[in-house]
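Below you will find one chain, with nothing else, as structure tokens; this is the form predicted on its own, and questions on how it binds or moves follow later.
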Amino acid sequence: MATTTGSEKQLDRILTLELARVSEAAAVAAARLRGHGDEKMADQAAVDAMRTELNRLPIDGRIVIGEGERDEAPMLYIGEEVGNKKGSAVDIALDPLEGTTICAKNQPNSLAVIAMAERGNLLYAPDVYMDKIAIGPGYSAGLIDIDAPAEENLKRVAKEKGVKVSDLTACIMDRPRHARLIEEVRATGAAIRLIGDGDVAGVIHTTDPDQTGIDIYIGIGGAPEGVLAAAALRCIGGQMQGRLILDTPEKIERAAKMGVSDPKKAYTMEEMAKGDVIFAATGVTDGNMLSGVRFGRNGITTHTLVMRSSSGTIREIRATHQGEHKFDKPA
């Protein structure tokens, strides 16, 4: 498990469970609209619920990965301040509804996701695409290389795992931009798990290939999801690299204003999520890792994963919220 050094600041321990309340609230709000075919409405419900809970926390919070930049998102935008200002200065990366299309269609692996670290310890970047590669724990440091061909990375993973390349499965988002990558991976003999959305879950699935069947994640997805996935891997263990795709002068300028001096830099997992990191994810729909929200006669049931890098603690929380609980009162 990843740990912090004695010189690094650590977050208040109580925030670990408080963060679970935040992701639970967003998941429940989105779940009320799953299968209704309206992505925007489900996403907005999750955003509203998550923002309400964040503003109750004893933190001086700043959104560094959110729903977009201020002119694109009315709430939970990059740079927005949240919390009651009575606690630690923290940076927050979030996706109130990861897999909006998945939720709208009531398909597997839609999540409400959030990560928190001390101020300055999460990558502060514009809402752009990111090229990513990730594997789970148990491999030699520096095994994967975002600049190496897919074939080379697959060979390295297979060699360390003690299997043939044809025994591996790579997770790739099913997008036209990945047509060449898909051809390259299939040419090696490796299998591919194509996903329509939800690449935070895709990256996390590499941490338990025996259960999920996924050994490596490769391809281009959102930068917000990249930072969130890096935060999760900091807690669970694994390796990840990501590079922001800043392919226009406007994107380069936006990134520079946020402190990105090298637009071609390949970030390591530790550079995207440093120090003491807390990560929480609650299932909206059923998935490989988490069960979706259940609305029952006697209450609402949620399934949440909460992790912390400094302690290496991983908690699964199955909570029943009595009656028509709408997260409007403290637990």
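The first residue of the sequence shown is number 1, and the count goes up from there. Predicted, not measured: the structure shown is a model, and the values here were computed from it.
FYI, the form predicted in complex with a small molecule isn't displayed, but the following is about it.
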The single option of Pro108, Gly222, Gly83, Gly237 touching the small molecule in the model of the complex, heavy atom within 4.5 Å: Gly222
Proximity to the small molecule in the model of the complex, single hit among Arg119, Arg186, Lys159, Arg177 (heavy atom within 4.5 Å): Arg177
Close approach of Asp215 to the small molecule in the model of the complex, 4.5 Å, heavy atom: no
Contact of Asp91 with the small molecule in the model of the complex (heavy atom, 4.5 Å): no
4.5 Å heavy atom contact, Gly198 to the small molecule in the model of the complex: yes
Partner proximity in the model of the complex: Ile133 to the small molecule, non-hydrogen atom cutoff 4.5 Å: no
Every residue of Gly99, Tyr129 and Met173 near the small molecule in the model of the complex, heavy atom within 4.5 Å: yes
Proximity to the small molecule in the model of the complex (heavy atom, within 4.5 Å), stretch among 186-194, 91-99, 244-252, 148-156: 91-99
